[in-house]
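The form predicted on its own is given below as one chain in structure tokens.
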Amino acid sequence: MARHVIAAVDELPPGTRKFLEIDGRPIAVFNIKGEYFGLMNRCPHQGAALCEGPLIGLAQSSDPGEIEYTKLGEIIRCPWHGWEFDIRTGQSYCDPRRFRVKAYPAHVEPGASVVKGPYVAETIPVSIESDYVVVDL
């Protein structure tokens, strides 16, 4: 699995998401309370840009008339048809046995480990074969 550096931590504060394309795949990375999660930005139902939908919570009930809201900001709702997926796992809450969204692990690494070398630059031979007119203003 290839690593891709996508942003500095301060560019993705809690409660935000970043859209990008990696190797031709539309991906969104979410910061949920300081934890990072990546999801394929495509709803398996009909291909909508899933991660452009609202972040919501999960309504659960253990007894009739008792509703508890959990996972606030951890469920993404498809903007086209309202299908819901867990950002942490990609699990569908509409049909969990048949549908899920591809989840990608995301984490924070110290800057020194991301930028350490050695780097090798590609070199290309260059020659200038003509004179140029230059105007000094």
Partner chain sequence: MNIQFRESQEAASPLTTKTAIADCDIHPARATRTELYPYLAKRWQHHLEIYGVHAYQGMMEGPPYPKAQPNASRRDAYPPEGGPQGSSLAFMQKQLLDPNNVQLGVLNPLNTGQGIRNHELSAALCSAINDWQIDKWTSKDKRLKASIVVGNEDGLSAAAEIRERAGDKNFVQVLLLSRNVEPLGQRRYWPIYQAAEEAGLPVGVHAFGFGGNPITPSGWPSYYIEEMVGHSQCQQSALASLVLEGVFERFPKLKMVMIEAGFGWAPSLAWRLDKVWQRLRSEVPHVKRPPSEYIRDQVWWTTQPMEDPERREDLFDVINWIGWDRLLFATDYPHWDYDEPSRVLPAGVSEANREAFYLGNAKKLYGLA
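As the structure is a prediction and not an experimental result, all values here were calculated from the model. Residue numbers count along the first chain shown, from 1. Definition used throughout: the rigid core is the maximal C-alpha set that superposes within 1.5 Å between two forms.
We do not show the form predicted together with its partner chain, though everything after this point is about it.
Engineer: At 4.5 Å between heavy atoms, is D86 in contact with its partner chain in the predicted complex?
Structural biologist: Flag for D86 set to no.
Engineer: Is there a non-hydrogen atom of Q46 within 4.5 angstroms of a non-hydrogen atom of its partner chain in the predicted complex?
Structural biologist: The answer is yes: Q46 has a heavy atom within 4.5 Å of its partner chain.
Engineer: Is the gap between G34 and its partner chain in the predicted complex 4.5 Å or less for some heavy atom pair?
Structural biologist: It does not: once its partner chain is placed as it appears in the predicted complex, G34 has no heavy atom within 4.5 Å of it.
Engineer: Residue-level question: is C78 within 4.5 Å of its partner chain in the predicted complex, judged on heavy atoms?
Structural biologist: Flag for C78 set to yes.
Engineer: Heavy atoms within 4.5 Å of its partner chain in the predicted complex is the criterion; list the residues of 12-39 that meet it.
Structural biologist: In sequence order, G15, T16, R17, F19 come within 4.5 Å of the partner.
Engineer: For P64, is the CA shift between the shown form and the other one at least 2 Å following rigid-core superposition?
Structural biologist: For P64, whose C-alpha is compared between the shown form and the other one after core superposition, the shift is 2 Å or more.
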